[in-house]
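Next up: a single chain in structure tokens, the form predicted alone.
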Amino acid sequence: MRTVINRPSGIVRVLSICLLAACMALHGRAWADAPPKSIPKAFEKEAPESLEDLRAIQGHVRNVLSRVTASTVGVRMGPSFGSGVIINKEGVVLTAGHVSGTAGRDVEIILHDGTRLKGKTLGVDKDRDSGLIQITESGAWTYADMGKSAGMKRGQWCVAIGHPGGFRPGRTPVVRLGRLLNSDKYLQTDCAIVGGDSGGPLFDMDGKVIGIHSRISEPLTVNLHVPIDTYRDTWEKLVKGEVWGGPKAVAYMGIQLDPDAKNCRVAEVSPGSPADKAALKVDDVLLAFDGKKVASINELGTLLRGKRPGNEVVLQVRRGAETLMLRLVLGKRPV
């Protein structure tokens, strides 16, 4: 099992190594039902400040993993792989809608120890990218509890688990430790996820599922997860096998904003993107989008969702001591 934490400081890199050792110690033995522990004060700090903090975080994450890893599964449909998490004794698996696809499909569920089970897809919300799968074989399943995504705050610690690149024999689910960046329509974290992780669980420090991996962004440390409350709110429809919603043309600028900035500072401009063609540059600060002021990533995202590819917008930008007006033609988000 591999653990990654996305923080630049040296002390946090040490934490990554310590967690790796702790997780490797869990490999190869039965997953015990360890009792929940109170969350250490170290998680309330901006960053670990001492070796004691590192040990407290390591110990708590190890305890969380001992309770939740066995519920994390691989999902296979033909040549395609994804991830999921069992959330009740009946063997219902939460996954991403783009992993399950539609209702009534035969799938293979792969437990953390390599056991392969038959399953059937249930409902899908294509708008929010949520889906359910039912294990169709009998058994006593280890499952995780569903938490709550409402009310989560920026900076809260979380653990992403999944099967990057698909399930691999002899490799337990891969663990990445990170923090919540935003909680608007989706949960946004700096937990690095890649192909094959889609549908896997995002846990809080109580060991409860708070989200499901949905979309991989650029850079890899800014990713989106379907909030767990979405599944709870649409549970009856999903269990009945209903499929609704559909892909929409999402307007695309081609920028990444600095999640740690208090304004809309551009951290990255994708080459050849609409933003690149409009001459937007790294370190520019967006002040207004099509005549409306923006002061945060959430505000920009809300305005962008109201647009469609092909729409022309005017950006008010601060570049050093200058204020510029740039015209940008929105594109279609790359698949």
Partner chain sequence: MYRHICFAILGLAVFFGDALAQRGKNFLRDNPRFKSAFRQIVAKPAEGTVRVLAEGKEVALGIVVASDGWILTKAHDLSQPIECRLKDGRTFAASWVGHHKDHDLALLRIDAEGLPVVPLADSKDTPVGNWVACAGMGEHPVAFGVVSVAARTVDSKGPASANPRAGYLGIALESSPDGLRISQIIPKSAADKANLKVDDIILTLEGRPVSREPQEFIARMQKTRPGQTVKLHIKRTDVELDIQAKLEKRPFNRGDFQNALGSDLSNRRSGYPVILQFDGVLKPTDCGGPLVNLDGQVIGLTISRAGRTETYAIPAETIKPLLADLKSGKLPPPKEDARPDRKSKAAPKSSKLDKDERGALDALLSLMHRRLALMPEVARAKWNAGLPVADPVRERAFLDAIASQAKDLRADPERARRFFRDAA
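These numbers were taken from a predicted model, which means no experiment stands behind them. Rigid core here is just the name for the largest C-alpha set that superposes within 1.5 Å across the two forms. Residue numbers count along the first chain shown, from 1.
There is also a form predicted in complex with its partner chain; it is not shown, and the following applies to it.
Asker: If contact means a heavy atom within 4.5 Å, which one of 203 to 211, 120 to 128, 73 to 81, 226 to 234 is the stretch that engages its partner chain in the model of the complex?
Answerer: Result for this chain: 73 to 81.
Asker: Find the only residue in G91, G241, P259, G147 having a heavy atom within 4.5 Å of its partner chain in the model of the complex.
Answerer: Checking each option against its partner chain in the model of the complex, the one that comes within 4.5 Å is P259.
Asker: Can you pick out, from V285, I297, A278, A42, the residue that has a heavy atom within 4.5 Å of its partner chain in the model of the complex?
Answerer: Checking each option against its partner chain in the model of the complex, the one that comes within 4.5 Å is I297.
Asker: Report whether the minimum heavy atom distance between P274 and its partner chain in the model of the complex is within 4.5 Å.
Answerer: P274 lies outside the contact set for its partner chain.
Asker: Spell out, yes or no, whether the shortest heavy atom distance between R105 and its partner chain in the model of the complex is within 4.5 Å.
Answerer: R105: no contact with its partner chain in the model of the complex.
Asker: Determine whether any heavy atom of G170 comes within 4.5 Å of a heavy atom of its partner chain in the model of the complex, and answer yes or no.
Answerer: Output for G170 is yes: heavy atoms within 4.5 Å of its partner chain.
Asker: Are any of the heavy atoms in S270 no more than 4.5 Å from a heavy atom of its partner chain in the model of the complex?
Answerer: Judged by the heavy-atom cut-off of 4.5 Å, S270 is well away from its partner chain in the model of the complex.
Asker: Note that its partner chain is not shown here; using its position in the model of the complex, name the residues of 175 to 213 with a heavy atom within 4.5 Å of it, in sequence order.
Answerer: Contacting residues: V175, R176, L177, R179, L180, L181, N182, D184, Q188, D190, A192, I193, V194, G195, G196, D197, S198, H213.
Asker: Rigid core superposed, CA of I297 - does it shift 2 Å or more between the shown form and the other one?
Answerer: Result for I297: yes, a 2 Å-plus shift.
Asker: Using the rigid core as the reference frame, would you say E44 shifts its C-alpha by 2 Å or more between the shown form and the other one?
Answerer: Comparing the forms between the shown form and the other one, which are aligned on their rigid core, E44 does not shift its C-alpha by 2 Å or more.
Asker: If the C-alpha spacing of P259 and G196 moves by 3 Å or more in the model of the complex, is that a move closer or farther apart?
Answerer: Those two alpha carbons end up closer in the model of the complex.
Asker: If the CA atoms of P271 and I193 move by 3 Å or more in the model of the complex, do they move toward each other or away, so closer or farther than here?
Answerer: Result: farther.
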